[in-house]
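Before any questions on binding or motion, here is one chain by itself as structure tokens, the form predicted alone.
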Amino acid sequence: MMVWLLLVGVFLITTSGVFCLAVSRPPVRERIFCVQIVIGALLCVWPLTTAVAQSGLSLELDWSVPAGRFELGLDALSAVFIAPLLLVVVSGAIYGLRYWPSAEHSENAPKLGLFYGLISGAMILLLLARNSVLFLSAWEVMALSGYFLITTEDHKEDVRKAGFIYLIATHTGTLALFGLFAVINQVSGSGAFPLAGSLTGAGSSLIFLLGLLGFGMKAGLMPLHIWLPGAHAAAPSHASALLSGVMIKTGIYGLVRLTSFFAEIPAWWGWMILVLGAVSGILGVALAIAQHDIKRLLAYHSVENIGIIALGLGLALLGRSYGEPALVLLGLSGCLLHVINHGLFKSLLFMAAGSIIHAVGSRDLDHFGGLLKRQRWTGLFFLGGAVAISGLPPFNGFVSEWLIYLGVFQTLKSTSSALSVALLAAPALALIGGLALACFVKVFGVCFLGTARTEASARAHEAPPTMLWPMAALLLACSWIGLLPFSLRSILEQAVVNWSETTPTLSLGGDLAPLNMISLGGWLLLGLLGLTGWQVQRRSASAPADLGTWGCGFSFPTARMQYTASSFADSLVRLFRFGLWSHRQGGQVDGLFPKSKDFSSHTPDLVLDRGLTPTFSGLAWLFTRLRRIIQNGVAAIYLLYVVLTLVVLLTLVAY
């Protein structure tokens, strides 16, 4: 009963855009689309809670497709990924009613709605799949739907380029997954997913490396992140929220589910994931600081947060390798909780960025300024998301990072000296957190404080309620996890059992992870912030609403006197110049009365712009030259090729 209810919900979400194409009136079509998604999500919630309470749901049916039966399963591990997905899908659908209305975007709004529903349903289906053919089918529908969401505005050249890079990357990953499941089918003898802990070491290294390539490409784990910054910047903001907050987590789900199949985990798997997580986290946030485009900046923060999630997964893998159950529990709980958290606060930040872009008409940070006076609610929601993503209390990002910290320090109690090397993850995580905080201080200061830098910014307006309410719901969810983290304790512990297939000997809470103390500290901090805010509001009530920003003693300050995004971040970007290789122009002034100077900086992507694009451009130039030499139009040369080919073939036959 519950499984069928879940399938009806998935069907309604998947077809939400298909049925609406038959309705000609855009406002009616949009409302039907939105209502269908909301009903579909509500139908999924009941089976989700039942699955967690009853240790899972399953369904098996015969079908004519080779390699096993039609198998679905819903356990706590799948539920951790589906729960934030449902909230983000519903929030994005409501947000899109005013952000991307059909009346203003008649040429691409139906396409956007169609693929928004398709990708949402496909993601739920792949999280439920327990058969390789079903999983790969849902994976491909998700990948292709993502391409059409990214290229919604396909009349723009940069959008087409972003879609092309995404298409290459996603199919490279899918090719690796075909190899992965072919090897698993050979080892297990069936297309069905193996049970947790049922596979031995045969072919395990090849399976892991193929999975790391295929799933790591989708997750955006550096250096496999090449498609992510351009794609998330090109899509409409509520689609970016879905892609960044949810879709990239399917790669993490694949890695977690894949590693659950094995009874024994080689230690190098954990070390590799741990190192990739640290590299991804540090370089992701460093590249984010250097960006001027608000959506590209948020996209690089996804690379950073995938790095944090990978740190937790790496610790859990090391815990299984070295037989440390406390490390398994803390590492995987931190990993999975950060999956939920990132889905919530990253979607919130993309929607807040969409509200700014909707009002100003630009993605460039230097076109904003002083928006807090005109977009108070958007500013509040963006500030909440920024605090959460920086890992600060009382929001949810703090709790998941704190669990990972506890896991890192747990290595000190291990009897294995090799495991103590993992302690280096602590300074890496601290560096990531500090840089993320600096980056969002820059973004909030440049966007919302000071004075307007452009006419469009000065005339900006607040977003309509249908855009604000979804952001409020996401911020509320971030607050709920931050203030009541013990409410997720049961599902996290059950997910760890599903992954490692062990009898629980430890639990979150108590001395291992005192979640109640985190909750108490969060409430106290919230009360202190509320009291401070009330005092500030009371003292500023008599001030004029349109009063200018204090000009630091200047009688006639202008917008040009403010820090730009480049100048604010320059000192931090220079710290990573050895790896980022930023282009810097101007900024140097000389003498007591210097002439007017400009300063700008540009930071290309390390892998795509510095590595792959020059390499493939060079290969394209080389092969073009070779083709001109070989295919030169001279008949005598072509006859010589035929003769040489015959000689080679005859020689091979002779020997």
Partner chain sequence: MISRIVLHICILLVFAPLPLGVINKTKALFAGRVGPPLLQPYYDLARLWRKGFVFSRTTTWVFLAGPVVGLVVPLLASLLIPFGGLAAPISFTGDLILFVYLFGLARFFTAAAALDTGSSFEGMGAVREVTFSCLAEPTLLFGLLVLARGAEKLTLNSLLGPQLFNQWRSDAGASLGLILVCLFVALLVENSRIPFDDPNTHLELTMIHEVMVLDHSGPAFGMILYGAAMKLMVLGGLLVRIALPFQTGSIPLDLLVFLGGMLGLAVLVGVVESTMARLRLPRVPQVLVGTTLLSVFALVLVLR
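Numbering follows the first chain given and starts at 1. A quick note: this is a predicted structure, and the numbers were derived from the prediction, not measured.
Omitted from view is the form predicted together with the partner chain, to which the following refers.
Asker: Give a yes or no on whether each residue among A76, G179 and P194 has a heavy atom within 4.5 Å of the partner chain in the predicted complex.
Answerer: None of them does, since no heavy atom lies within 4.5 Å of the partner.
Asker: The chain here is shown without the partner chain. Which stretch in 253-261, 448-456, 464-472, 182-190 comes within 4.5 angstroms of it in the predicted complex, by heavy atom distance?
Answerer: Result of the contact check: 448-456.
Asker: Could you spot which one of V141, A169, L72, L380 gets a heavy atom to within 4.5 Å of the partner chain in the predicted complex?
Answerer: Looking at V141, A169, L72, L380 one by one, just L380 meets the 4.5 Å heavy-atom criterion.
Asker: The partner chain isn't shown here, but in the predicted complex which of S132, T151, S390, S240 has a heavy atom within 4.5 Å of it?
Answerer: Only one option qualifies, and that one is S390.
Asker: So, T174 and the partner chain: in the predicted complex, are they within 4.5 Å at any heavy atom pair?
Answerer: Because no heavy atom of T174 falls inside 4.5 Å of the partner chain in the predicted complex, the answer is no.
Asker: Is L128 close to the partner chain in the predicted complex, meaning a heavy atom pair under 4.5 Å apart or at it?
Answerer: No, L128 sits far enough from the partner chain in the predicted complex that none of its heavy atoms falls within 4.5 Å.
Asker: So in the predicted complex, does any heavy atom of K413 sit within 4.5 Å of the partner chain?
Answerer: Yes, contact at 4.5 Å.
Asker: Would Y563 sit within 4.5 Å of the partner chain in the predicted complex, counting heavy atoms only?
Answerer: Answer yes; at least one heavy atom of Y563 falls within 4.5 Å of the partner chain in the predicted complex.
Asker: Taking the partner chain as it sits in the predicted complex, which residues of 414-447 have a non-hydrogen atom within 4.5 Å of it? Please list them.
Answerer: The stretch 414-447, when checked against the partner chain in the predicted complex, contributes S414, S420, L423, L424, A426, P427, L429, A430, L431, G433, G434, L435, L437, A438, F440, V441, F444, G445 at the 4.5 Å heavy-atom cut-off.
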